[in-house]
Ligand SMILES: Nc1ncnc2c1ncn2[C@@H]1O[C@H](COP(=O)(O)OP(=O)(O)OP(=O)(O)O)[C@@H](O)[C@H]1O
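Here we start with a single chain on its own, the form predicted on its own, put down as structure tokens.
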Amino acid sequence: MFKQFSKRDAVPQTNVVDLKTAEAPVLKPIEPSEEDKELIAFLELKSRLHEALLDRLNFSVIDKIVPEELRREVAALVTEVLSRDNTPLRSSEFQRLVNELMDEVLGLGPLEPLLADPSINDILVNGHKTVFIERSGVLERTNTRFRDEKHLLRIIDKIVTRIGRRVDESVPWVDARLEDGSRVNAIIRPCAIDGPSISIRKFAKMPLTMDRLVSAGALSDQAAALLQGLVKARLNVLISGGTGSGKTTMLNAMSASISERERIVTIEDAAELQLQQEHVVRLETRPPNPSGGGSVNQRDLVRNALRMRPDRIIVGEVRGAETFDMLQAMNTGHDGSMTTVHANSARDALGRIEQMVTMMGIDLPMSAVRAQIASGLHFVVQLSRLADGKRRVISVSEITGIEGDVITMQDIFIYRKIGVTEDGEVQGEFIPTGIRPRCWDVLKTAGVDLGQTDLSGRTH
């Protein structure tokens, strides 16, 4: 069956390497490009100047110094060091150096220009050499970098100490918030294998209104009118979607329809809602202190909010046992409440709510849980970020009741994909399904005017 090899068939031994005595090949290090060499030299110069600034400036009164006066001091120091080291710089490089040193002293160093760019939605730092940003749903790499890992850790420490939190080997990750409201997550070694990582979801200077969402194609005029009507009629709404799908943006836009005469209590892990009303009480969770105590979770805040005479309770995102208390509030007179949840479809969103109620630790029959959901929630608004990075409302679904053990729903609006253009843009349309919502009379009773259509396509 198998060919028998003879000595004549043997493979010549001239190229055989003895692995025991062979020397490992010497790999030549990759030579950095001239551009990289210039950047490294610039970062090293900036680092030396920053150390000199730390020695010279009195940081206990830094907040009292006028920025222009501080800039003059920084410029003088740069001139002094460059003259001493005989390091000539072009005028543009000199100004860049002064600007970046100002960012190091007053802000977050290399991240400051990215934070100041209104077109950037997310800043993603993957180690000290790599920084990505997201614009309009599309990721792109930037030329921004930190001098070394120590520099990046210093910026992370600057972020977390401002709000009284810490990150170290014992607690290697942290959720924080910048002064402008931007949400930050940082994680360091040993959990971040390739070096510290920062994720920043920027706080929009101008919150997106419902009109702007319609102009951007996120939903239709008719659907926008319905969502605004749901808020005015004090129906309870669950906003569902994946990460980065625009849940908080939609919650902000819908909340604009709440009356100024109502008392609103918001509950969040990291405060980022931008409600425009005057009577708003904002509550935020608190992590454990270094000894492990003192934490305040969302469930604590929801239960406390019920004692604060709220007209509406808005939970930024339900994630655990607080979901049960939220449903209890919705079922006991706190109408018009809203919250968000991570889920890929309206039906999945209800499943997630069920799952989180069971996290409370009480052995409730699933039928009782589903009855609470069906009676407490009225609508699910499903969002998605499409392949081209654009965010769309995928469906507006009404919860109609419960049959047996199944919560029943009906879609009032859906987004129907048509195709994709050559440049990758997703084409589609947002259409009514032809089903008249059961809450139609509730909307009319609340004085909501939805125009000349009853959402089924028939005109009056």
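If you're wondering where the values come from, they're calculated on a predicted model, not measured in any experiment. In case it trips you up, residue 1 is the first one in the sequence shown, and so on.
We do not show the form predicted in complex with this ligand, though everything after this point is about it.
Handout entry: Among 69 to 77, 239 to 247, 365 to 373, 96 to 104, the region lying within 4.5 Å of this ligand in the predicted complex by heavy atom distance
Key = Comparing against this ligand in the predicted complex, the contact stretch is 239 to 247.
Problem - Partner-contacting position among Ser182, Ser255, Ser197, Asn121 - heavy atom within 4.5 Å of this ligand in the predicted complex - result: Exactly one residue meets the criterion: Asn121.
Practice task
Consider the chain as shown here, without its partner, and state which of Val160, Leu208, Ile133, Ala321 has a heavy atom within 4.5 Å of this ligand in the predicted complex.
Solution key: Answer to the contact question: Leu208.
Exercise for the section: Report yes if any heavy atom of Leu213 sits within 4.5 Å of a heavy atom of this ligand in the predicted complex; otherwise report no. Expected result: Yes, contact at 4.5 Å.
Practice task
Look up in the predicted complex whether Leu227 has a non-hydrogen atom within 4.5 angstroms of this ligand, and give yes or no.
Solution key: No, Leu227 stays farther than 4.5 Å from this ligand in the predicted complex.
Exercise for the section: Although this ligand is absent from this view, report whether Ala218 comes within 4.5 Å of it in the predicted complex, heavy atoms only. Expected result: Ala218 belongs to the contact set for this ligand.
Handout entry: Heavy atom of Glu268 within 4.5 Å of this ligand in the predicted complex
Key = No - in the predicted complex, heavy atoms of Glu268 and this ligand never come within 4.5 Å of each other.
Exercise for the section: Taking this ligand as it sits in the predicted complex, which residues of 283 to 319 have a non-hydrogen atom within 4.5 Å of it? Please list them. Expected result: Only a single residue, Glu317, comes within 4.5 Å of the partner.
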